Ligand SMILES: CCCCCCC/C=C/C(=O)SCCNC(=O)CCNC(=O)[C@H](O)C(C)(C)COP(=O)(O)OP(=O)(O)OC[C@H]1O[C@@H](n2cnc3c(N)ncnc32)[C@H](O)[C@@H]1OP(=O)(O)O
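Shown below, as structure tokens, is a lone chain in the form predicted alone; questions about how it binds or moves come after it.
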Amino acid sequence: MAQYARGSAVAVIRLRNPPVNALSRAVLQALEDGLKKADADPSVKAVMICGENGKFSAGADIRGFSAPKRLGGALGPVVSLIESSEKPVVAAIEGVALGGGLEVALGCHYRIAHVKARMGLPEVTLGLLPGAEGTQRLPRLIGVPAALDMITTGKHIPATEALKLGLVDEIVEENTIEAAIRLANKVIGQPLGPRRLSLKPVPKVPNMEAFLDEALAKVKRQARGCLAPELCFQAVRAATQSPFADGVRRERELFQVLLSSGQAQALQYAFFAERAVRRWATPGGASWSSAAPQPVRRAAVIGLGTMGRGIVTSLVKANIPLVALEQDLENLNKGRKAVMFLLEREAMKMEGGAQVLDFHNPARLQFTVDFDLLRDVDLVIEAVFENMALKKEIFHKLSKICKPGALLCTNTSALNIDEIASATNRPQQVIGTHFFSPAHVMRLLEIIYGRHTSPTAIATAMQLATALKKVGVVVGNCFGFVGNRMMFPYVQQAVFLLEEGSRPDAVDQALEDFGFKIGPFRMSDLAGLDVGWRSRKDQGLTGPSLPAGTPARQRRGQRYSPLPDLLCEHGRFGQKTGKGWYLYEKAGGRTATPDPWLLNFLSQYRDTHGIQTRFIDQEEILERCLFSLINEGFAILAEGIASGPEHLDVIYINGYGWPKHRGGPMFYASTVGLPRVLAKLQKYSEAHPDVPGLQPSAFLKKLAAVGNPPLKEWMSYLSQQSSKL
């Protein structure tokens, strides 16, 4: 609700709807009533709008978007009503003014903000645009370049930046509400015409058309097929070309287009899925509601390679004091230098810089080769390279040195958590924390429980994810866990497509056009082909341990492609060596160009193995790569490795560059329709009977057979039938 109170000549309207004063219908109605009351009361000379409990308003309640009669329609007239008031209206912004909350503030004649407040129009991140005249008022207030930047990215800006842009009239460090009332008293009787944004012209930009063309090209580049940023741009452009009322009509039309697009549903699904994964549960009955985390006052990281450095940086940024350990002084000094470089770079991006991070202070970050310094840490993250014997040796040592309650985490991308835990005397304290590279940037943290991992350990790892500003997703223990296990068939299909006649750039292009930031071959070059090669050697799939006489394209009765192994044997490890699936300008180069050597090599390879080259269209590339990945997802759900399709989608959006506007692989499967996914898999499986990844999962078959139920009901079919699957 909105509360109305009169204080001397200034009426105070307070937005009340905890926790963030979302603009529900009831709040909007009360706001409208309050404005009309103030207008009709001759003793009221000015109005001040603020929010309850130190927050202005975080905007419309997102759950209202799916309702047929949308809130944007109700909010626009209220904003106009504020602006047309004959008495000055001042907004007192504390905490946040986001989305509709900021649009309410834009309707006010004056805006005053607390120095710690943040403002933004984040609708674009939900596949929408500011639908209460925000795309028309903001450019009139702060100019087109700044307004476009805020509206098309959805970013939040601090009050200090808002003041520089002219979005607020002043910022205060003390009581914002008192300051707003003082300002309201001061402006009583002053003309309001110049303060009404709908009457202001849009500030001119030299060569406006050229500027807009360039801005549109940039928006399209960054949007990668996502519709909302482009339509946000169109709405702002309308402000530069039309009178206010026409611009508002255009904003409404574009809003409706977005509201009915599948992308808005996908982005809102992703928003709620990310919240749903916080409520974790395991098949054994442990869950978020009953398990309490242990405090982590001090942590340790073992191994300062690429992953370890990123993890150390994340912990320092989260203000967790830590010890960083390496096996010898040479590696320690190399690691320390790299960590310091990363931290300097991160500090430069922050307000307050290096003082905030305080990483030169040994009480906060200590480098050592001495395991004894780990005696009093609450949590250790081991981040050495993927070698089971090495990890077990370290965990055996840790269980002797660390205090009994310390949590022992392993950053592994595929290895068995139970086997690692077997080297300790406390398997209940062992958990997998799979960080994604670069670890201080990527949001995903896969949290893997083993057979003995305690609920407290899971809760503590989830708490750590939150402290590191990451999205923690709890999953079960199997080779590759969830993310990499689903990635194996995807990459395998990509390589098989090359064998059959495609090219790396054609496969990458198809997947990048679908919305991935980077296709499988560019990704492989970036990660380094030698990483997978080492893993395949460990598994006995290639290299000296492969039995003599094994057919080149068969392993254990299944189709296998030796192409990645052959590239590694030619010393082509990707970007680091300047050549992999592509050619780079130099070792460590970033610009990938198709390599004539590789095309010639593929042609010879096909001749050697008697493979007939055929043309492969974009549709087959997408279906074989994506549907095999989705198929593995169904197998994971059926095995209880993840507790719902949302978990898989959150992992793919935050760790594997799946396009967010397509809602994650399982959501995408539900929009394509499970019968279609099934039919395509059956078709490809018949053409390639020696590829198990294409054989439809029993769970997918079951769901298609019961009539393609909505995604939120999938798991209920599993529990009924788990014995038969």
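Note that residue numbering follows the sequence shown and begins at 1. So that the term is clear: the rigid core is the largest set of C-alpha atoms that superpose within 1.5 Å between two forms. Remember, predicted model here, so these are calculated numbers, not experimental data.
The same protein also exists as the form predicted in complex with this ligand; that form is not shown, yet it is the one meant from here on.
Contact annotation: Glu103 falls within 4.5 Å of this ligand in the predicted complex, judged by heavy atom distances. Under a 4.5 angstroms non-hydrogen atom cutoff, this ligand in the predicted complex has Phe255 among its neighbouring residues.
Contact annotation for Gly99: at least one heavy atom lies within 4.5 Å of this ligand in the predicted complex. This ligand in the predicted complex comes within 4.5 Å of a heavy atom belonging to Asp61. Contact with this ligand in the predicted complex holds for all three of Val20, Arg118 and Phe272, each having a heavy atom within 4.5 Å. Only one of Gly131, Pro88, Pro645, Gly519 lies close to this ligand in the predicted complex, with a heavy atom inside 4.5 Å, and it is Gly131.
Shown without its partner, this chain lists Lys186, His570, Lys218, Arg279 as candidates; in the predicted complex, only Arg279 has a non-hydrogen atom within 4.5 angstroms of this ligand. None of 119-127, 549-557, 198-206, 406-414 except one has non-hydrogen atoms within 4.5 angstroms of this ligand in the predicted complex; the exception is 119-127.
Heavy atoms closer than or equal to 4.5 Å to this ligand in the predicted complex belong, across 149-183, to one residue only: His156. Core-superposed comparison between the shown form and the other one: the Cα of Pro19 travels 2 Å or more. With a cut-off of 2 Å and the rigid core superposed, Lys55 has a Cα displacement that reaches or exceeds the cut-off between the shown form and the other one. Once you line up the core between the shown form and the other one, the Cα of Leu28 ends up 2 Å or more from where it was.
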